[in-house]
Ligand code: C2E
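Let's start with one chain on its own, the form predicted on its own, as structure tokens.
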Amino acid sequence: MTAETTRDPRLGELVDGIVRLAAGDHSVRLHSSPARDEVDAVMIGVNILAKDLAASYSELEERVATRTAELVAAQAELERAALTDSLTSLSNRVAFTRVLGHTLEAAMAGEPAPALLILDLDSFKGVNDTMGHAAGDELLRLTAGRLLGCVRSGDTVARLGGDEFAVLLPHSTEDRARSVASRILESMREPFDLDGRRASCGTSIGIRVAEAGQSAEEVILHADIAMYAAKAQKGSSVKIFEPVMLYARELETLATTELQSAIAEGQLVLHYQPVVELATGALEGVEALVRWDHPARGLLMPDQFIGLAESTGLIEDVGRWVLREGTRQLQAWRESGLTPPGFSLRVNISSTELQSLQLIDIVRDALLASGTDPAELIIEITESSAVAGGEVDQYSLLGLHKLGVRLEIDDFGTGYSAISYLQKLPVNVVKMDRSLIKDLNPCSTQGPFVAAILDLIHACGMRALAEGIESPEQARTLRELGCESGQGYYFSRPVPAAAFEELVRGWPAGA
């Protein structure tokens, strides 16, 4: 170009346009001249580029806006899902705690306090075990619907987890909370239709009317404590929270900690009660009975801590210890020649343990660790557990039977006592409850009744054992009626291992 050309004013406009375009101004439009020379060609090119960039940027903005809207909608859906129970579409625990917190803050500002109801279904596990988990899920959905039908639009219903639900009543009173609880109880009395099958499922309800200054967690805890107090009533009921309930919970927590330490620190001990063959008087086995040698309270019987172990989930730890210690002691007696071949160990298994999928492994591990022959271990289960058990219970019983362990029905005669269930169970021995023989003597009318029960047991191909024998007359009468084995204070009270060893050594010769 010539010097004259470089002074062309269009060049200034061109440079300014390029700078604006580089800065993101896509509205740049340069005016070409009639000359149609190289400068005009560049200016036209800049205009075309500016138009293309403007179109692309507009399309990009539209795409970004669309994507942003999609992300906002997805985020909202994620937040909704995070605060909603997927099964029932009710609020979940997180959402419910948040709403309760807001309601409590409003109460701090002078509004009336809320009331909280927490409820638990009384027979949910039975539905799951007997009808399957699909039926259990349907029961939870139907329960949610019934709860919604018992409250106002401003109330909040949530599923806290499992079969536990909560109802929040803003600006409530104890009277209104009781009224809503009564409606819920009445609603739940109507049987549920679960895919053509009917099921009844009551509920236990705990109520806590909040007080100024309480946190959401504290109100939930108090309502939960009241609910468990209602559940202890055995049947659909309602309990209002009282401070003494919290004290009882604190004591339970302390006792739970102590029991955990007892298991870990060797405070549990076994006492042994002999089982005698009535026809010969020979020792045929022993029942292992757990005790807690409490450092402050002395020797505690099972009824003083087994219920706590079951309610706190420690029963498996207790049961595992009893099995390992009992089989270890049995094998030690066997190796020392103290006990004869076929001498057996009886161990009680609670209904809670029977419902554990780990039970078979726990028993197998104890047998392997001690080297005990499975046939020398007899697992005792209560009659009520055997009859009312679900699929898991049956799995446990069959699994134990396949291990070679013998099974015994305990407390027979206190519950259902029917040949229909005895014939279906892989049971070897039936232990008659002490209540059946307490009045048994040669002159009593109880004899024919006990004889009929023994006939029932024998007809099922099982052996009979009578517990609670306290006199030679009872032992003799049972022997004459055909009862194979006996156990009770007449022979010996439960005693520590060392005392049992002395008992065995002094057992009558020939017995």
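Bear in mind that the values here come from a model prediction, so they are computed numbers and not experimental data. So that there is no doubt, residue numbering starts at 1 and follows the sequence shown.
A second form of this protein, the form predicted in complex with the named molecule, is not displayed here; the remarks below concern that form.
Chemist: So which of Pro302, Pro374, Gly126, Gly399 reaches within 4.5 angstroms of the named molecule in the predicted bound form, heavy atom to heavy atom?
Modeler: Of the candidates Pro302, Pro374, Gly126, Gly399, Pro302 is the one lying within 4.5 Å of the named molecule in the predicted bound form.
Chemist: Please tell me which of Asp37, Asp455, Asp52, Glu470 lies within 4.5 Å of the named molecule in the predicted bound form, judged by heavy atoms.
Modeler: It is Glu470 that has a heavy atom within 4.5 Å of the partner.
Chemist: Among 86-94, 227-235, 314-322, 240-248, which stretch sits within 4.5 Å of the named molecule in the predicted bound form, heavy atoms only?
Modeler: Correct option: 314-322.
Chemist: Would you check, heavy atoms only and a 4.5 Å threshold, whether Val290 touches the named molecule in the predicted bound form?
Modeler: Taking the distances in the predicted bound form, the answer for Val290 is yes, it comes within 4.5 Å of the named molecule.
Chemist: Answer with yes or no whether Arg434 is in contact with the named molecule in the predicted bound form, where contact means some heavy atom within 4.5 Å.
Modeler: Because a heavy atom of Arg434 falls inside 4.5 Å of the named molecule in the predicted bound form, the answer is yes.
Chemist: Looking at the partner-bound form in the predicted bound form, is Glu383 within 4.5 Å of the named molecule by any heavy atom?
Modeler: No, no contact at 4.5 Å.
Chemist: Taking any heavy atom pair closer than or equal to 4.5 Å as contact, tell me whether Asp163 reaches the named molecule in the predicted bound form.
Modeler: Close contact is absent here: in the predicted bound form, Asp163 is far from the named molecule, nothing within 4.5 Å, heavy atoms only.
Chemist: Just give me the residues of 488-507, first to last, that have a heavy atom within 4.5 Å of the named molecule in the predicted bound form.
Modeler: The stretch touches the partner through Gly488, Tyr489, Pro494.
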